[in-house]
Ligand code: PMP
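Form predicted alone, single chain, as structure tokens, below.
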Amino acid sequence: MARESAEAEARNPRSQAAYARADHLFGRVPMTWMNKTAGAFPRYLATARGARVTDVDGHEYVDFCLGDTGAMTGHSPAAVTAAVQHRFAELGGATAMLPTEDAEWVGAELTRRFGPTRWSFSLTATDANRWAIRLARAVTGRPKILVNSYCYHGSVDESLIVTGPDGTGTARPGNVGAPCDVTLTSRVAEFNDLDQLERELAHGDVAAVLMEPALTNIGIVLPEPGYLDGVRELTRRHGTLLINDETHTFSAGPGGCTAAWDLEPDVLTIGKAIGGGIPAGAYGLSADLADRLLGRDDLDLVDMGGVGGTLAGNALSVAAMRATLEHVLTDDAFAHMHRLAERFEAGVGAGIEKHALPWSVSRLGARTEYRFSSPAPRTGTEAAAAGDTELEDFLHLYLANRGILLTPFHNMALMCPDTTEQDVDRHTELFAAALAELAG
């Protein structure tokens, strides 16, 4: 690690200098998450196109991070670039508080892909989740939201709860400035644990279960057979709405896990990739739920009721969503991405097997991840316990120094339409070399 750290500093003097000069940025970066990087400073972006990025020191990288899913389309895809240029430069009007005809097309396409029939737009999945939670509370009259331990739903306050050592809910470590004790607003159950879910729902105060169909941000944790069917049955039995957050699990296919696995949520939220790199998010409601909400005279859905935002649904982001869904993240694109993710999985698996490591590799469509445990974790708490920051940082820095970027929050690699077999094979080669050094 010392060798790789020294190499990173020697190779990247401009990035290091830019970081040192950033006195007017909180944490020296535009957004504090950018400090989640192996090494003493982040690499600074110069250009990005497709599956490639270059930094200000002139190094090119195969990008398997892809903006932690925000660029699952590849960077600056041509169709999205053209749509944004047309809307902003030729037609004008990035945001005017007026709808465009593109919006209905996007809503219809999201219905075709995911199922829910009434859609509203946001700029992030975090906001889509916040607004979905408000609607769930309004329609059920219940105060609490249930999430899975070590879930990821952006910076939603209600989601920052984990299962403590005694099996009860407690604040997630590191939670910043919580407005109240999270157990006042939330309940928690381990992923893949229907018994715990049923015990929590039995209290009768849960408006909605907000969940990813597979955990993604604590490492990929896949659902066991029958688990998601069990979640749907229990939520219906207890009068609780089910919200599927497909922001990361969109990697499973054109309609995410919801379409791939025939799921039936009451609400679906999504963000990041659907805008092709332009800020965009959405939530979709079943027709029945939408009618129940719109039929309520006591709910302020058009002004200051806490649902919506001035820039949400703006003409520019809607144009980007249409271009992404119509021309970029197509059925053919997902088939290509899935084949490459299978190839990536096989390469990692071969390296693990060669050295008889107690590691595992999991895949969710176009997303693949290796974990420092075997068998693969089946809950979020198990996944958190399997982390090894020192080992992870070494692998990330080793790869970055040789032109490969992984998602900095974990060992996740995402494919995009521009990723090639040669890109995957380069990772396989370098991963094998890193393991050989560790084993030696």
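Note that residue numbering begins at 1 and tracks the sequence as displayed. These figures come from a predicted structure and were not determined experimentally.
Omitted from view is the form predicted in complex with the ligand, to which the following refers.
Y152 is the sole member of W359, Y152, F334, Y227 with a non-hydrogen atom within 4.5 Å of the ligand in the model of the complex. Proximity to the ligand in the model of the complex, defined as a heavy atom within 4.5 Å, holds among T235, T140, T163, N217 only for N217. Within this chain, A83 is remote from the site of the ligand in the model of the complex, having no heavy atom within 4.5 Å. Residue contact check for T368: none of its heavy atoms lie within 4.5 Å of the ligand in the model of the complex. Within 4.5 Å of some heavy atom of the ligand in the model of the complex lies at least one heavy atom of D68. When contacts are judged by a 4.5 Å heavy atom cut-off, V188 does not count as touching the ligand in the model of the complex. Residues placing heavy atoms within 4.5 Å of the ligand in the model of the complex fall in a single listed stretch, namely 120 to 128, out of 120 to 128, 94 to 102, 74 to 82, 319 to 327.
Residues of 247 to 271 lying near the ligand in the model of the complex, listed in sequence order, are T247, H248, the criterion being any heavy atom within 4.5 Å.
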